[in-house]
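This document starts with one chain, in the form predicted on its own, laid out as structure tokens.
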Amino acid sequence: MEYSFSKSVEALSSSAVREILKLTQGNQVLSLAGGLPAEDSFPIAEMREAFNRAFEQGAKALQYGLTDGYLPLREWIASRMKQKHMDVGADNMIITTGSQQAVDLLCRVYLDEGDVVLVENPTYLAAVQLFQFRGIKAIPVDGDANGMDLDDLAKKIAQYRPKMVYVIPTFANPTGKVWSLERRLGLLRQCKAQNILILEDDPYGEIQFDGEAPYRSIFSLDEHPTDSCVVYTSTFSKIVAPGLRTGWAIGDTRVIQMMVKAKQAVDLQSSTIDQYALYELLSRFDLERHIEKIRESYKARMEWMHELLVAQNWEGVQWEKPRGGMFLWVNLPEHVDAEKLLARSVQEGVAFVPGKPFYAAEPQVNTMRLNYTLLNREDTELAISRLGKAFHAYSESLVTNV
């Protein structure tokens, strides 16, 4: 058989993270690569009880359900969103198979091949993959530690006339940066004036280390949430368990209903039993205390990795200490190619993600992303030690080859 694939697959590349994760399966390679939550954070016993209660609902827990999602679960999420200044109802929401599906569905219904979306640079690599796959032009906007540069944003809007802006303003993947309130309001103001949709991706916003700093979502800053230029998406993957593959998107009902129609064509609905069980968990479980435990654990793991990196004292290596999220973004000396360093690191028994795949354009190859949430204290120490050996071996090889 000679297969003839669609033209769109020509732009489809494998996820760098998924390919690297393959290297760590079934061997002694320690992974700092994936965005994996700590497995000891999963409420296993409580989840087992929740599934048992879901099965007590009878056959309907295993039946087809609404494409929008299980109504009690949507109502529960809407109630919690109100606590975060997002005044929405169940009709403003769709349950998705992970927040990644929300990004995909919105692109399906809102963007055509050749349309322009403005992005941070670097940004979430799976979003970059998706834009490439659908023939969408991702144009990077200059930025700094406080978010997108508003002058460059205005320049790129005038130059490219984008239909959408994709951002992760709170503990971004991969950089961990947090946008200032000024930048959030500035983006919202410009996009409303130009009729540009904002896709606000917020998978990490709950994982906050600096107390109750008021990191308001861009959606919550819109004075007209039921007629908003923002679609907000988040997930239970980081605060309950990723295996449930349950996320959600909220926005104007006109946008959400279009996403519902697209989801009907894609997978009809997300898993009924998982949604029932998740609702049973949330209706009895102290989620706020659970999230607080996750924050405490991940902050300790972040502090430990930061301390270990400082002790390595690598010449020319820089990073910003994260205020939340799951990642530490590292800038290596200009002469270091992180992909080549990765090859040396795997030989030493540790893996990370090179920064190159996260860029929509002009990638900085001397960057890497480290995950601090998965490994325990002992394994993190061993992983950073191995990374240090790889870094020094790689640096010495550069000197030798000069």
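We number the residues from 1 along the sequence you see. What you are looking at is a predicted structure, and each value in this text was computed from that prediction instead of being measured.
Although it is not shown, the form predicted in complex with another copy of the chain is what the next lines describe.
For Asp112, a non-hydrogen atom is located within 4.5 Å of another copy of the chain in the predicted bound form, even though that partner is not displayed.
Taking non-hydrogen atoms only, Arg289 never approaches another copy of the chain to within 4.5 angstroms in the predicted bound form. Taking the partner from the other structure, another copy of the chain in the predicted bound form has a heavy atom within 4.5 Å of a heavy atom of Cys229. Using a 4.5 Å cutoff between non-hydrogen atoms, Leu308 does not count as a contact of another copy of the chain in the predicted bound form. Using a 4.5 Å cut-off to another copy of the chain in the predicted bound form, not one of Thr175, Lys321 and Asn376 places a heavy atom inside that distance. This chain appears without its partner; in the predicted bound form, the one residue of Val317, Ala90, Ile196, Ile239 with a heavy atom within 4.5 Å of another copy of the chain is Ile196. For the options Tyr215, Phe209, Trp304, Phe133, the residue carrying a heavy atom within 4.5 angstroms of another copy of the chain in the predicted bound form is Phe133. Looking at 70-78, 147-155, 100-108, 178-186, the stretch with residues near another copy of the chain in the predicted bound form, meaning non-hydrogen atoms within 4.5 angstroms, turns out to be 100-108.
Contacts with another copy of the chain in the predicted bound form, taken as any heavy atom within 4.5 Å, map within 36-57 to Leu36, Pro37, Glu39, Phe42, Ile44, Met47, Arg48, Phe51, Asn52, Phe55, Glu56.
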